[in-house]
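As structure tokens, one chain now follows by itself in the form predicted alone.
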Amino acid sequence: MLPGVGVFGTGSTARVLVPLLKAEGFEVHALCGQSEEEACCLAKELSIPFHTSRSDDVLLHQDVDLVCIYIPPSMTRQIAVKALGIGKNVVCEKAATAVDAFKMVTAARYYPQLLSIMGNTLRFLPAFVAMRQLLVEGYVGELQVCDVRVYGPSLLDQSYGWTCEELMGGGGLHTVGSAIIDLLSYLTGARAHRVHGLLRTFVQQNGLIRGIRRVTSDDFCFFQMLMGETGSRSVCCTVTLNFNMPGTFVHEVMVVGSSGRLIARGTELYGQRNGSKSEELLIGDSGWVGPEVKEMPLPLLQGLSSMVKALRQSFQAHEERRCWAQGPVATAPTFEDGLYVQTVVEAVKRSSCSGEWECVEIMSHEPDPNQNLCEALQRNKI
């Protein structure tokens, strides 16, 4: 039986998610927005019977058993942890910090019977599902290099908000780079152990953001990762993110091995073995028949649609609304994957400041919130 759904967020993702959920048979019972006005407007547009600006009203709604959280990263942890504690299944976007991500992991471990997955939809895109299978089958031989390029228009909102603030989870690295980091881990079956990166904010003010306010989130990011084994057998990954290209969108992921390569361009997958004269089309563009959302690129739209289908298959296998089958969502990123991704993001940021390679060390326990204060007191012999 499919669970009733409560959606947090009124942005472009929520706007396209609700119709996709309804198309697969889910009933969306409640919507929560940052303001009552935003929630009311979108609820009327999408025919959602209940709307609010109070998160508890959705979490405690008797018909809601699955919550989808697509809100600013700084607010994600609080709602995700509370939802699991109440007994709701959770699909959510990334947290703002590794500490927040660790708290989400702790909650997910405490309630293992509940669904708790991150909303990185690229894992569900057919092109990447096929790419991973071909890598397992040895299409490229021994994997050597991954190269990713994502170019597009500005990620900033029309008014000053969290997308402008690096500390609140804004910027290309956190918004788009985190999905790429997770995708590369999914494709290679490995994790990064060292990273090196460079972040820049070229547009600090514009026609709508000016005066004393300045953008601190990055609009250009380049980083390298060494993944898997240490030494010469590490997989070398390079990622370039550039969001200073209005009217353009490029999403290309290439993996190169000892005997061939695979390239995903947008939603299409191409392959070429060494010795072949040209690429072959392995997965074509099936087209998009859902609602158009200019702010959301086609790979993310199709990935989101595939993820919703997988959720339906997972819940449909059980008569109890809160029960789910692991099979259809086995490849979905877990909260632990979310912690790894956030750890890499923060390592890249440290590297951009230091100019050095940084190690990726995943948090194993929550840090003492008073640690910095204690160190300062010790330095001053107070």
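In this text, all values refer to a predicted model and were calculated from it rather than measured experimentally. In this text, residue numbers run from 1 along the sequence as written.
There is another form of the same protein, the form predicted together with another copy of the chain; it is not shown, and what comes next is about it.
- Comment: another copy of the chain is not present in this chain, but in the predicted bound form one of 191, 213, 149, 312 has a heavy atom within 4.5 Å of it, namely 149.
- In summary, among the residues 270, 222, 162, 111, the only one with a non-hydrogen atom within 4.5 Å of another copy of the chain in the predicted bound form is 222.
- In the predicted bound form, another copy of the chain sits within 4.5 Å of a heavy atom of residue 256.
- In the predicted bound form, residue 251 stays away from another copy of the chain, with no heavy atom inside 4.5 Å.
- Looking at residue 145, you'd find a heavy atom of it within 4.5 angstroms of another copy of the chain in the predicted bound form.
- When another copy of the chain is considered in the predicted bound form, residue 327 lies well away from it, no heavy atom lying within 4.5 Å.
- Contact with another copy of the chain, judged by heavy atoms within 4.5 Å in the predicted bound form, is confined among 100-108, 69-77, 126-134, 232-240 to 232-240.
- Within 4.5 angstroms of another copy of the chain in the predicted bound form, the stretch 338-357 places a non-hydrogen atom from each of 355, 356, 357, taken in sequence order.
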